[in-house]
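One chain is shown next in C-alpha coordinates, namely the form predicted on its own.
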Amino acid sequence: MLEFIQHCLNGLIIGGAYALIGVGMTLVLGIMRVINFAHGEFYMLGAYLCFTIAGLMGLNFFVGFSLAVLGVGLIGCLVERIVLRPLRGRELNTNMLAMIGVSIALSNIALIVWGAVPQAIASPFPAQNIEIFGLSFTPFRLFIMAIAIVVIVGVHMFIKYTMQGKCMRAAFQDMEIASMLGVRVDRVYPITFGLGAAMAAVAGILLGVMFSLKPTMGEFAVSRAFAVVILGGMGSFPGAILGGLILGLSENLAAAYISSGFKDAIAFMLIVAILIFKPNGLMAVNVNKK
(Lines give C-alpha, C1' and ligand atoms only; values in the text may rest on other atoms or scores of the structure.)
Protein backbone atom coordinates (compact mmCIF):
# COMPACT_ATOMS: atom_id res chain seq x y z
CA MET A 1 0.00 0.00 0.00
CA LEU A 2 2.84 2.37 0.86
CA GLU A 3 4.42 1.66 -2.52
CA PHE A 4 1.14 2.49 -4.29
CA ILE A 5 0.87 5.80 -2.41
CA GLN A 6 4.48 6.58 -3.35
CA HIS A 7 3.76 6.03 -7.04
CA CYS A 8 0.60 8.13 -6.83
CA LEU A 9 2.41 11.05 -5.20
CA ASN A 10 5.26 10.86 -7.73
CA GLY A 11 2.67 10.92 -10.51
CA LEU A 12 0.90 13.92 -9.01
CA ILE A 13 4.21 15.80 -8.75
CA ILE A 14 4.93 15.24 -12.46
CA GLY A 15 1.28 16.03 -13.12
CA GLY A 16 1.83 19.43 -11.53
CA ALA A 17 4.41 20.21 -14.23
CA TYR A 18 2.00 18.93 -16.88
CA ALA A 19 -0.66 21.22 -15.42
CA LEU A 20 1.67 24.19 -15.90
CA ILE A 21 2.04 23.31 -19.58
CA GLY A 22 -1.70 22.81 -19.98
CA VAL A 23 -2.72 26.00 -18.17
CA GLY A 24 -0.36 28.04 -20.35
CA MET A 25 -1.90 26.64 -23.53
CA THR A 26 -5.42 27.02 -22.10
CA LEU A 27 -4.88 30.74 -21.44
CA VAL A 28 -3.89 31.36 -25.05
CA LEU A 29 -6.69 29.20 -26.43
CA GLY A 30 -9.38 30.61 -24.15
CA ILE A 31 -8.56 34.30 -24.51
CA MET A 32 -6.93 34.58 -27.95
CA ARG A 33 -8.64 31.65 -29.73
CA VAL A 34 -5.20 30.53 -30.95
CA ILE A 35 -4.04 26.92 -30.92
CA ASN A 36 -0.39 27.38 -30.02
CA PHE A 37 1.58 24.68 -31.81
CA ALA A 38 4.80 26.42 -30.69
CA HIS A 39 3.97 25.88 -27.00
CA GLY A 40 6.44 23.01 -26.80
CA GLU A 41 9.22 25.19 -28.18
CA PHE A 42 8.69 27.73 -25.40
CA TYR A 43 9.02 24.80 -22.98
CA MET A 44 12.29 23.89 -24.72
CA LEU A 45 13.60 27.46 -24.74
CA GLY A 46 13.00 27.81 -20.99
CA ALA A 47 15.11 24.73 -20.31
CA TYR A 48 17.93 25.78 -22.64
CA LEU A 49 18.06 29.37 -21.40
CA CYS A 50 18.29 28.15 -17.80
CA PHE A 51 21.02 25.70 -18.85
CA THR A 52 22.93 28.53 -20.53
CA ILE A 53 22.60 31.03 -17.68
CA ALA A 54 23.06 28.66 -14.75
CA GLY A 55 25.31 26.08 -16.40
CA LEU A 56 27.47 27.76 -19.02
CA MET A 57 27.57 31.24 -17.46
CA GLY A 58 27.97 29.85 -13.93
CA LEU A 59 25.23 31.89 -12.27
CA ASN A 60 23.00 30.64 -9.47
CA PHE A 61 20.28 28.17 -10.58
CA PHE A 62 17.49 30.31 -9.16
CA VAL A 63 18.82 33.39 -10.97
CA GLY A 64 18.95 31.35 -14.17
CA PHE A 65 15.45 30.05 -13.51
CA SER A 66 14.02 33.55 -13.08
CA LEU A 67 15.85 35.09 -16.05
CA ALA A 68 14.94 32.17 -18.33
CA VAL A 69 11.23 32.41 -17.49
CA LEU A 70 11.30 36.19 -17.98
CA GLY A 71 13.19 35.81 -21.24
CA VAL A 72 10.76 33.26 -22.68
CA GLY A 73 7.83 35.44 -21.59
CA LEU A 74 9.32 38.36 -23.53
CA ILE A 75 9.93 36.13 -26.55
CA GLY A 76 6.27 35.12 -26.35
CA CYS A 77 5.21 38.78 -26.35
CA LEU A 78 7.46 39.37 -29.37
CA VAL A 79 5.96 36.41 -31.26
CA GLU A 80 2.47 37.76 -30.61
CA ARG A 81 3.48 41.19 -31.85
CA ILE A 82 5.30 40.05 -34.99
CA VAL A 83 3.38 36.92 -36.02
CA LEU A 84 -0.10 36.84 -34.50
CA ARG A 85 -1.12 40.50 -34.42
CA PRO A 86 -0.99 40.93 -38.22
CA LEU A 87 -3.12 37.79 -38.53
CA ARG A 88 -5.77 38.87 -36.03
CA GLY A 89 -9.25 38.30 -37.40
CA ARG A 90 -8.07 35.73 -39.93
CA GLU A 91 -9.33 32.15 -40.04
CA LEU A 92 -8.19 29.71 -37.37
CA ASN A 93 -6.26 27.66 -39.93
CA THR A 94 -4.11 30.67 -40.78
CA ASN A 95 -3.06 31.14 -37.16
CA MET A 96 -2.42 27.41 -36.81
CA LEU A 97 -0.12 27.37 -39.82
CA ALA A 98 1.69 30.45 -38.54
CA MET A 99 2.33 28.83 -35.16
CA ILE A 100 3.52 25.63 -36.83
CA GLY A 101 6.01 27.81 -38.70
CA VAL A 102 7.12 29.45 -35.43
CA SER A 103 7.55 25.98 -33.91
CA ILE A 104 9.78 24.81 -36.75
CA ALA A 105 11.79 28.03 -36.69
CA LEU A 106 12.42 27.94 -32.92
CA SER A 107 13.44 24.26 -32.90
CA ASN A 108 15.91 24.86 -35.74
CA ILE A 109 17.32 27.96 -34.04
CA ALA A 110 17.85 25.86 -30.90
CA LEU A 111 19.60 23.20 -33.00
CA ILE A 112 21.95 25.82 -34.46
CA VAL A 113 22.67 27.55 -31.13
CA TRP A 114 22.95 24.56 -28.77
CA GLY A 115 23.58 21.67 -31.13
CA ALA A 116 22.07 18.19 -31.24
CA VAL A 117 24.05 16.73 -28.32
CA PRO A 118 21.75 16.27 -25.28
CA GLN A 119 22.52 18.57 -22.35
CA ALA A 120 21.50 18.56 -18.69
CA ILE A 121 20.61 21.16 -16.07
CA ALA A 122 22.33 20.50 -12.76
CA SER A 123 19.96 20.22 -9.81
CA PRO A 124 20.50 22.87 -7.12
CA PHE A 125 19.58 20.38 -4.40
CA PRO A 126 21.45 17.37 -2.96
CA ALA A 127 20.65 13.97 -4.45
CA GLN A 128 19.82 12.13 -1.21
CA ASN A 129 16.18 11.34 -0.55
CA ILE A 130 13.99 12.83 2.16
CA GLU A 131 11.78 10.44 4.16
CA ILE A 132 8.29 11.70 5.05
CA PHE A 133 5.95 9.25 6.84
CA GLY A 134 7.73 6.34 5.19
CA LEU A 135 7.56 7.93 1.74
CA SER A 136 10.74 8.88 -0.09
CA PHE A 137 11.20 12.04 -2.17
CA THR A 138 14.14 13.84 -3.71
CA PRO A 139 14.35 17.51 -2.69
CA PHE A 140 13.93 18.55 -6.31
CA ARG A 141 10.64 16.68 -6.69
CA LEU A 142 9.33 18.55 -3.66
CA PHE A 143 10.58 21.74 -5.32
CA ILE A 144 8.59 20.88 -8.48
CA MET A 145 5.45 20.42 -6.40
CA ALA A 146 5.97 23.71 -4.55
CA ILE A 147 6.71 25.72 -7.72
CA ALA A 148 3.73 24.23 -9.57
CA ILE A 149 1.39 25.17 -6.72
CA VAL A 150 2.83 28.68 -6.34
CA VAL A 151 2.75 29.46 -10.07
CA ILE A 152 -0.76 28.09 -10.69
CA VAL A 153 -2.20 29.84 -7.63
CA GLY A 154 -0.32 33.02 -8.53
CA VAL A 155 -1.66 33.05 -12.09
CA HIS A 156 -5.17 32.36 -10.79
CA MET A 157 -4.92 35.28 -8.35
CA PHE A 158 -3.53 37.52 -11.08
CA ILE A 159 -6.39 36.73 -13.46
CA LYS A 160 -9.08 36.99 -10.79
CA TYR A 161 -8.04 40.03 -8.76
CA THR A 162 -5.83 42.34 -10.83
CA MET A 163 -7.11 44.92 -13.30
CA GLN A 164 -5.15 43.29 -16.13
CA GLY A 165 -6.60 39.92 -15.16
CA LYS A 166 -10.12 41.33 -15.26
CA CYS A 167 -9.42 42.68 -18.74
CA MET A 168 -8.27 39.20 -19.78
CA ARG A 169 -11.47 37.65 -18.41
CA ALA A 170 -13.56 40.29 -20.17
CA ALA A 171 -11.81 39.53 -23.46
CA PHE A 172 -12.46 35.83 -22.90
CA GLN A 173 -16.19 36.38 -22.35
CA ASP A 174 -16.74 38.71 -25.33
CA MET A 175 -13.85 40.41 -27.08
CA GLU A 176 -15.95 42.87 -29.11
CA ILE A 177 -17.98 44.15 -26.16
CA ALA A 178 -14.84 44.31 -24.01
CA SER A 179 -13.20 46.49 -26.69
CA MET A 180 -16.25 48.76 -26.81
CA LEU A 181 -16.04 49.19 -23.04
CA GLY A 182 -12.42 50.31 -23.19
CA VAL A 183 -10.42 47.10 -22.76
CA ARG A 184 -7.14 47.46 -24.67
CA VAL A 185 -7.05 44.16 -26.54
CA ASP A 186 -3.67 45.12 -28.01
CA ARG A 187 -2.30 44.97 -24.46
CA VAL A 188 -4.27 41.94 -23.31
CA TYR A 189 -3.10 39.63 -26.09
CA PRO A 190 0.71 40.00 -25.75
CA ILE A 191 0.47 39.69 -21.96
CA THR A 192 -1.68 36.57 -22.34
CA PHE A 193 0.62 34.96 -24.88
CA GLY A 194 3.74 35.92 -22.92
CA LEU A 195 2.25 34.51 -19.71
CA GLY A 196 1.38 31.24 -21.46
CA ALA A 197 4.91 30.99 -22.86
CA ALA A 198 6.42 31.74 -19.43
CA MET A 199 4.38 28.94 -17.81
CA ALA A 200 5.65 26.52 -20.45
CA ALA A 201 9.20 27.70 -19.67
CA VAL A 202 8.71 26.99 -15.95
CA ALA A 203 7.65 23.43 -16.78
CA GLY A 204 10.56 23.07 -19.19
CA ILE A 205 13.10 24.01 -16.53
CA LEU A 206 11.54 21.78 -13.88
CA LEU A 207 11.37 18.72 -16.12
CA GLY A 208 14.65 19.66 -17.82
CA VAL A 209 16.48 18.95 -14.57
CA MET A 210 14.94 15.47 -14.46
CA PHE A 211 15.39 14.63 -18.16
CA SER A 212 17.90 15.55 -20.85
CA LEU A 213 17.68 18.66 -23.00
CA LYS A 214 17.50 18.47 -26.79
CA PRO A 215 16.07 20.76 -29.49
CA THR A 216 13.20 18.34 -30.19
CA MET A 217 12.06 18.12 -26.56
CA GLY A 218 9.17 20.43 -27.38
CA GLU A 219 7.39 17.54 -29.11
CA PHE A 220 7.00 15.85 -25.73
CA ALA A 221 5.59 19.01 -24.16
CA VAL A 222 3.12 19.90 -26.89
CA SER A 223 1.70 16.36 -26.93
CA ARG A 224 1.14 16.60 -23.16
CA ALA A 225 -0.32 20.09 -23.49
CA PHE A 226 -2.88 18.97 -26.06
CA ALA A 227 -3.72 15.90 -23.99
CA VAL A 228 -4.23 18.00 -20.87
CA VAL A 229 -6.36 20.60 -22.67
CA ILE A 230 -8.53 17.98 -24.36
CA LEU A 231 -8.89 15.95 -21.19
CA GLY A 232 -9.70 18.91 -18.93
CA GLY A 233 -11.93 20.73 -21.41
CA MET A 234 -11.12 23.36 -24.02
CA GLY A 235 -10.52 26.73 -22.38
CA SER A 236 -10.99 25.54 -18.79
CA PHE A 237 -8.37 26.69 -16.27
CA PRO A 238 -9.43 24.21 -13.52
CA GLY A 239 -9.82 21.53 -16.19
CA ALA A 240 -6.20 21.98 -17.31
CA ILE A 241 -5.02 21.52 -13.71
CA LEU A 242 -7.15 18.41 -13.26
CA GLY A 243 -6.12 17.04 -16.66
CA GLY A 244 -2.43 17.50 -15.88
CA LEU A 245 -2.73 15.69 -12.56
CA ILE A 246 -4.68 12.81 -14.12
CA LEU A 247 -2.16 12.47 -16.95
CA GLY A 248 0.84 12.47 -14.61
CA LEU A 249 -0.82 9.98 -12.26
CA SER A 250 -1.83 7.58 -15.03
CA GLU A 251 1.63 7.69 -16.63
CA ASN A 252 3.39 6.95 -13.36
CA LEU A 253 1.06 4.10 -12.37
CA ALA A 254 1.32 2.58 -15.86
CA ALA A 255 5.12 2.72 -15.71
CA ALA A 256 5.16 1.19 -12.22
CA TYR A 257 2.67 -1.65 -12.67
CA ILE A 258 2.69 -2.41 -16.41
CA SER A 259 5.77 -1.21 -18.29
CA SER A 260 7.58 2.08 -18.76
CA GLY A 261 7.45 1.43 -22.50
CA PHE A 262 3.65 1.47 -22.43
CA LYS A 263 3.08 4.43 -20.13
CA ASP A 264 2.30 6.83 -23.00
CA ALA A 265 -0.15 4.42 -24.58
CA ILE A 266 -1.90 3.71 -21.27
CA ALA A 267 -2.21 7.40 -20.45
CA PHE A 268 -3.76 8.30 -23.79
CA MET A 269 -6.04 5.27 -23.70
CA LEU A 270 -7.32 6.65 -20.42
CA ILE A 271 -8.00 9.98 -22.11
CA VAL A 272 -9.94 8.25 -24.88
CA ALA A 273 -11.96 6.31 -22.30
CA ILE A 274 -12.84 9.48 -20.37
CA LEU A 275 -13.78 11.37 -23.53
CA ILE A 276 -16.20 8.60 -24.53
CA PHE A 277 -18.28 9.61 -21.52
CA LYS A 278 -17.34 13.31 -21.48
CA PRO A 279 -16.78 14.29 -25.14
CA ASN A 280 -16.11 17.94 -24.27
CA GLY A 281 -13.66 17.14 -21.50
CA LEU A 282 -14.10 17.02 -17.77
CA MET A 283 -14.70 20.75 -17.28
CA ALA A 284 -15.44 22.14 -20.74
CA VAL A 285 -15.79 25.87 -21.43
CA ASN A 286 -17.15 27.33 -24.65
CA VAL A 287 -14.27 29.06 -26.48
CA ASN A 288 -16.13 29.70 -29.72
CA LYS A 289 -17.63 32.99 -28.63
CA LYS A 290 -17.01 36.04 -30.77
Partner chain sequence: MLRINSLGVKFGSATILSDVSFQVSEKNCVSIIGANGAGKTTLLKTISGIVSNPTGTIEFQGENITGKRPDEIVKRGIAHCPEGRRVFPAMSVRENLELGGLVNRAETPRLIKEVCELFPRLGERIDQLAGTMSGGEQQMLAIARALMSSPKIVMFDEPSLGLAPNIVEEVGHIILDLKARGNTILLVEQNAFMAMSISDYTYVLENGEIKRHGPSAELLKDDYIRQAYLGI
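The model shown is predicted, which means the values in this text are computed figures rather than measured ones. Residue numbers count along the first chain shown, from 1.
Although it is not shown, the form predicted together with its partner chain is what the next lines describe.
Triplet 75, 103 and 112 all within 4.5 Å of its partner chain in the predicted bound form via a heavy atom: Negative, none of the three is within 4.5 Å.
Selected contact from 83, 151, 183, 191, since only one has a non-hydrogen atom within 4.5 angstroms of its partner chain in the predicted bound form: Going through each option in turn, the one that passes is 183.
Contact assignment for its partner chain in the predicted bound form, among 135, 177, 146, 92, heavy atom within 4.5 Å: Answer to the contact question: 177.
4.5 angstroms heavy atom contact with its partner chain in the predicted bound form for residue 169: Judged by the heavy-atom cut-off of 4.5 Å, residue 169 is in contact with its partner chain in the predicted bound form.
In the predicted bound form, residue 127 touching its partner chain (heavy atom, 4.5 Å): The answer is no: residue 127 has no heavy atom within 4.5 Å of its partner chain.
4.5 Å heavy atom contact, residue 160 and its partner chain in the predicted bound form: Residue 160 belongs to the contact set for its partner chain.
4.5 Å heavy atom contact, residue 123 and its partner chain in the predicted bound form: Residue 123: no contact with its partner chain in the predicted bound form.
Which of 112-120, 213-221, 169-177, 196-204 sits within 4.5 Å of its partner chain in the predicted bound form, heavy atom basis: Checking each option against the 4.5 Å cut-off leaves 169-177.
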